[in-house]
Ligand code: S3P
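Given next, in structure tokens, is a single chain: the form predicted alone.
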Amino acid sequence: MPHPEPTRLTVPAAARLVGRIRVPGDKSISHRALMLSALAVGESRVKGLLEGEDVLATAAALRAMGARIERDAAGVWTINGVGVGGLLQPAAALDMGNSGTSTRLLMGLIASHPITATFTGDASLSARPMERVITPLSRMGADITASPGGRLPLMLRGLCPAVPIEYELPVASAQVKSAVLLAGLNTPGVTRVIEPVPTRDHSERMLAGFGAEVLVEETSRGRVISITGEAELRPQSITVPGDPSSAAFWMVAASIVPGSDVVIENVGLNPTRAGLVTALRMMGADITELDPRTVGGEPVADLRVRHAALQGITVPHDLAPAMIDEYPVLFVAAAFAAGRTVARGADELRVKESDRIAAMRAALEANGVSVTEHDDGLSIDGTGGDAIPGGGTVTTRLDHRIAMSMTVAALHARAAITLDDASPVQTSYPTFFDQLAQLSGEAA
């Protein structure tokens, strides 16, 4: 899955943003819906699946291991699974493109199957450490040979039966937790993950929904998630809610561009993912939840966001796990707030698609924003609602969230901001620029 040719893009300011949009399906849920459907016996149906490059990489890998996955003209995906323990030996290397989620979760799936798989990825993914997943999966019996630094390409030889373990997460990571739980699906006995700091819980919810025996307990050590192995998963019909990480860009954009009034439909508001809504409201954002409801076990609402005067805050560290992917666009909101915003507690940003702390500091400084970099976040002095100077060029570093976050910053800048490469947006939000044109009144 080669990375597309760089697409240089200059983004001008917007007069205002008005209208209703529906963001793509939640990326985390889309990955998990495909994986668990591929391990169920029978046909599952998924509506609203995110059709970005990352999720398509997951679908391609599952097809290579025996699942039949098809999409109809109406955008409904059908998955005929192979059953837990039924994954087949792939004939070629599994190309993960830019998707760390695909890589880490599929490593978990394969770890307890008697097959061998080689994982490859693009330059950005190949620079990201996999040791945090390699460690627990190796304890379960998988034989993993990685490139120097615990990086891709790597080869994983699964063990069946694998060994159930109890594993305490050294860092808050939903991907590591999910990889161990997915390995536990085909492992005799009970596999346990202890997370001292809660992370997004889509895996636990969806595993239980497919029929796995999952127990979640609150203890003095933190949340303990137990899964009983050798499960038989039942096929499901799933409607994927809108991705809160994608909605985040419009929440911030509508908040900072004067005169804006935007409704974002069908946004997933799982409490383990809603940290940005909490942080923006602390800053004074005008966000109203319309028609709150539950869809497929996940809380959902339409969000109406109107322009508001934002105030600088010190972001509580305990919000970090619930908004880790939204920090780049939170940094943008801070650039337009009154006073200083201190957003720390996010060490994990150093090992995302890029070093998002360094990347956002460089991008904001190039466009006239006063920024102080810390080892775990940024402090940002805002404009008090005025436009930032702009006029700089952003190095997006093959990172979709850097590209979209700085597009949002450009919407209230005195001079247009240029992205050196806008193509990474395709990994998670293929319609992003079309929807921007729609909200700004520039759609054809």
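Bear in mind that the values here come from a model prediction, so they are computed numbers and not experimental data. When you see a residue number, it is the position in the sequence shown, counting from 1.
There is another form of this protein, the form predicted in complex with the named molecule, and it is not shown here; the text below is about that form.
The binding site of this unliganded chain is open: after the named molecule is superimposed from its pose in the predicted complex, not a single one of its atoms comes within 2.4 Å of the backbone or a C-beta atom. Think of it this way: in the predicted complex, the named molecule has a heavy atom of just one of Q175, N80, T120, S124 within 4.5 Å, and the residue is Q175.
When you look in the predicted complex, the only residue of R132, R344, R361, H307 with a non-hydrogen atom within 4.5 Å of the named molecule is R132. Contact annotation for D302: none of its heavy atoms lies within 4.5 Å of the named molecule in the predicted complex. Taking the partner from the other structure, the named molecule in the predicted complex has a heavy atom within 4.5 Å of a heavy atom of K27. Although the partner is absent here, H113 sits far enough away that none of its heavy atoms falls within 4.5 Å of the named molecule in the predicted complex.
Contact annotation for E348: at least one heavy atom lies within 4.5 Å of the named molecule in the predicted complex. The partner is not drawn, yet in the predicted complex one stretch among 221-229, 253-261, 188-196, 100-108 has residues with heavy atoms inside 4.5 Å of the named molecule: 100-108.
Contacts between 352-380 and the named molecule, taken as any heavy atom within 4.5 Å in the predicted complex, involve only K352.
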